[in-house]
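Consider the single chain below, provided in structure tokens and representing the form predicted on its own.
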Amino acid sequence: MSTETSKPYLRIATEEAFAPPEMLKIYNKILAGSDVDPGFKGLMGFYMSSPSERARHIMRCLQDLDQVRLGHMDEAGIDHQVIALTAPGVQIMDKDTAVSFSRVANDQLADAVKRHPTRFTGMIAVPVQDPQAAAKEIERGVTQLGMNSVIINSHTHGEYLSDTKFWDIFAAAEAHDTPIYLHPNSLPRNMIQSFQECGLDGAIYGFGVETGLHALRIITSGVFDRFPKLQMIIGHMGEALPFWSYRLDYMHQATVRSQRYESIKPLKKKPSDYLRENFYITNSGVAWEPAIKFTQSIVGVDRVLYAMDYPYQYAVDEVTAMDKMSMSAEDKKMFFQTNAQKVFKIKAV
């Protein structure tokens, strides 16, 4: 636990990653195949093989759910982590492997939470490839493992949750009051080339573009009209969607009126309304006061949460910068602590 006693709030980081060693063995088998997904090869293939200091740091920290992680949390003054299976999680696997290994990963994370109940909270990984199995794993995660949120690493083999065949997952999440964290994945095959050839496919730009696209597909497909109580979470300052909200509203209405696309139909609300009512937004990787305050002004101070993005972005000075934001004490406590406690049902820290 952080030794600081002067802060009138706890720091809860809400987008922090882990990777079981057994999953990395599965990844190695996939990478040894003859037709490896280029995004997966460019992302995890790089991190798992590179001798660079950054890659070695990330791989070491991803696999630890005990002293290494706790030491880094203490060093940065992070009181609690909300931890999820790193991208692409089980979504790169074949369906049967994804179904079986999601249970293994969730059991391991639940065990870590039991070892460190005041420091860790876990998200449920689900095999999106099998929506019915994913729905059952959500139920198991909530009722047996004590987890109260779901991690989905954007697309699954190039397919998006806007397709109604996946909506059993939304039904289960709504029924169990478990928000879905829509986290970036490496870009799908039909999207990656123009980004990868100039080095912009990753967190620098491509991740946000693709995940923002996914969130918009979910909105415009009518998911929240069908599941009005469903809550989702997006990181990295909302993958820029709050900054686009005015134009999204205007052009969605214009596109509906034009009848240009069969896929764009009238919605009960404006796209920005769903952002305000059905999404929580974390600042993961964006330790920047102007962006945080702007997003609070768009979706509300009760819907913006702190995240570090450990271990991919581990910078102690960013925590200090966030502490110094010009913000009321009440709003800052909501940002660092109480919003996270509400969203993830964190009872004791």
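So that there is no doubt, residue numbering starts at 1 and follows the sequence shown. Predicted, not measured: the structure shown is a model, and the values here were computed from it.
What follows is about the form predicted in complex with a small molecule, which we do not show.
No residue in the set Arg11, Arg69 and Phe120 has a non-hydrogen atom no more than 4.5 Å from the small molecule in the predicted bound form. Note that among 47-55, 30-38, 320-328, 296-304, the stretch whose heavy atoms approach the small molecule to within 4.5 Å in the predicted bound form is 47-55.
Contact check for Phe224: no non-hydrogen atom falls within 4.5 Å of the small molecule in the predicted bound form.
Under a 4.5 angstroms non-hydrogen atom cutoff, the small molecule in the predicted bound form has Ala203 among its neighbouring residues. Taking the partner from elsewhere, His155 is found to have every heavy atom lying beyond 4.5 Å of the small molecule in the predicted bound form. For His80, no non-hydrogen atom is located within 4.5 Å of the small molecule in the predicted bound form, even though that partner is not displayed. A heavy atom within 4.5 Å of the small molecule in the predicted bound form is found for exactly one of Thr178, Thr86, Gln91, Asn106: Thr86.
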